[in-house]
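Presented below, as structure tokens, is a lone chain in the form predicted alone.
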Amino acid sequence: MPLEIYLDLISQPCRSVYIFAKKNNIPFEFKKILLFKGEQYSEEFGKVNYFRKVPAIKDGDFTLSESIAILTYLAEKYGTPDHWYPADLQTRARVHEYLSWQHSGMRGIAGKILWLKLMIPKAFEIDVPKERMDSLLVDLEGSLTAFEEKFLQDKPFIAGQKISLADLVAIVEIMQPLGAGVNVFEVRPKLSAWKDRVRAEIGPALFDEAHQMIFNAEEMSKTIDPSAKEIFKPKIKKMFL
């Protein structure tokens, strides 16, 4: 049975898994789960991921959730080039250091920009208090500064001279605000140069393909089914407001 990967590329973790699998020529069947149609709540998908979130994989009878677990599983199983998930103990520790920090330090902040600035007010017609948005943008600046000063420093990539899973997980999160018109690279030349290196290593065509839904996020926000909006509104208010 072929490896099945369940994805919606509007999701940052889904993009990291998609890019990694495609870049490393890992054969898989793309199982699209449309989050804004509520397909993650189907009984069938619940058998793949108890938590009903993407990404998730099904490898024969083995199922796995959580993007970091999936990325490391794929790296180990398919013997991808060492730079992605280095064998050297200290270099791998640098990768894990970023992957551990990013859950709250980057993902918990950058990922909310698209929601609070675009999806919640425009797609779900819920007012977002200005002070909430302003506070989040201040937090984002703090996270980006920490990324540059602590994790990137003067290196080409987070773990040193070569791209790793840390850079891949970082770039998909840091790209997310662009969907809401917040260009985090515009006034940060170091961050912008790093992004260009990551894009070049991934390959511009694959990088742009994976992020196409982010570039079209505003148009996509207009296509959400009205009945789905009513289902999601209470969840969104609880998560973001």
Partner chain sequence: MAAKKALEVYLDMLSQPCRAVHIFLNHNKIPHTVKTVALRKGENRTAEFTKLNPMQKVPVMVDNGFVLTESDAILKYMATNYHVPEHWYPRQPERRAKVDEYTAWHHNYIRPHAAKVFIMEVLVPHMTRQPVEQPKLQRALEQLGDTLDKLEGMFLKRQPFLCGDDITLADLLAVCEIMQPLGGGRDILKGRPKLESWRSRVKSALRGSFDEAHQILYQLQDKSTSKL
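Source: prediction; values computed, not measured. Numbering follows the first chain given and starts at 1.
What follows is about the form predicted in complex with its partner chain, which we do not show.
Shown alone, this chain has one stretch from 89 to 97, 116 to 124, 130 to 138, 165 to 173 that lies within 4.5 Å of its partner chain in the predicted bound form by heavy atoms: 89 to 97. None of Tyr50, Tyr41, Phe215, Phe30 but one reaches within 4.5 angstroms of its partner chain in the predicted bound form through a heavy atom, and that residue is Tyr50. Its partner chain is not shown here, and in the predicted bound form it never comes within 4.5 Å of any heavy atom of Glu209.
Using a 4.5 angstroms limit between non-hydrogen atoms, Lys155 is distant from its partner chain in the predicted bound form. Of the heavy atoms in Ile26, none are within 4.5 Å of its partner chain in the predicted bound form. Among heavy atoms of Trp84, none comes within 4.5 Å of its partner chain in the predicted bound form. Taking its partner chain as it sits in the predicted bound form, the stretch 143 to 176 comes within 4.5 angstroms of it through a non-hydrogen atom at Ala146, Lys150, Phe151.
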